[in-house]
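Consider the single chain below, provided in structure tokens and representing the form predicted alone.
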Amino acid sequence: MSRVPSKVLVTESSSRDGLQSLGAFVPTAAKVGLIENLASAGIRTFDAVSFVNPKAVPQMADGAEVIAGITNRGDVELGGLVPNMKGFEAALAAGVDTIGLLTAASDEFNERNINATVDEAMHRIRRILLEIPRGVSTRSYISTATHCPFEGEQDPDWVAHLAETLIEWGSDTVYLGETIGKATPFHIEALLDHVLEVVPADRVGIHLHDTYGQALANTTVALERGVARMDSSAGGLGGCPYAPGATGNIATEDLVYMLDGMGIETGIDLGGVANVANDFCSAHNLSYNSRAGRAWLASQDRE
């Protein structure tokens, strides 16, 4: 396990991926509060909002207002996911630190998600990468990297080709999205065996959903291959409006508990995240889905 990193960058996605599928609109002030409170627990990097058509994803209609509402940013980095040039321009105007770019490995998922084939999405990304201003970083997401809800298992060699192309075009990092949470360590091993042949591990991240309870096991596979960039969602919030049945990302509390136990630094306080996420879920009638968080909260009640 000599390739296991000593430090992992955890990017918090609860305010974006965690909320985008909800039917009831979460007030802007609540989203701002969620980000600010999680920052107080040590999280420094956020996949905060997306700049998409509000008719398609009504929950993200206030992306610019959320970014503007975080007045004491300090060293906190706020990211905005964009599907096209219009979203990119809106994200820049809002003042995000990181632009998230999006394609999928499968055409059908991509067309349902961002109304574009994979080839069209890649051309959109290339155009945006040519316009990135100095001081703004980029991360490119490849959704359905192992499984598509409509097309089934994906070819890891094809995903590796997409990842290599995105890095060659100038993306700072590429994140592999296990969108429906169906992958096992076997699938993640195959995926990373191909991707890491063409992209350095320090430029690869993972975005794992936990639908089948495999996210921690899959994370361990990535760690053993030197991957040190990971998305998570406080309280396990989330899902995908275009992936039927998919649950949220790996819970931030569960991820931090495991990394702490492995001696891997994150700078994140598990208890702080658990308190923030549990309070947020209670306030908005949402299910709190972190096992480590529930255990930590229960231990506090016993003291």
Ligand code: HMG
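Small disclaimer: the values here were computed from a predicted structure and weren't measured. When you see a residue number, it is the position in the sequence shown, counting from 1.
This protein has a second form, the form predicted in complex with the named molecule, left out of what is shown; the following refers to that one.
Using a 4.5 Å heavy atom cutoff, D17, Q20 and I114 all lie near the named molecule in the predicted bound form. Shown without its partner, this chain lists G69, G267, P54, G271 as candidates; in the predicted bound form, only P54 has a non-hydrogen atom within 4.5 angstroms of the named molecule. Scanning Q154, T165, Q214, N84 against the named molecule in the predicted bound form with a 4.5 Å heavy atom cut-off leaves one residue, N84. Using a 4.5 angstroms threshold between heavy atoms, G79 stays clear of the named molecule in the predicted bound form. For the chain shown alone, G177 is a contact residue for the named molecule in the predicted bound form, at least one non-hydrogen atom being within 4.5 angstroms. The named molecule in the predicted bound form is not approached by I99, whose heavy atoms all lie more than 4.5 angstroms from it. By the criterion of a heavy atom within 4.5 Å, S143 is counted among the residues contacting the named molecule in the predicted bound form. From the list 177-185, 129-137, 214-222, 70-78, the contact stretch for the named molecule in the predicted bound form under a 4.5 Å heavy atom rule is 177-185.
For the partner-free chain shown, H207, H209 of 203-232 come within 4.5 angstroms of the named molecule in the predicted bound form, judged by any non-hydrogen atom.
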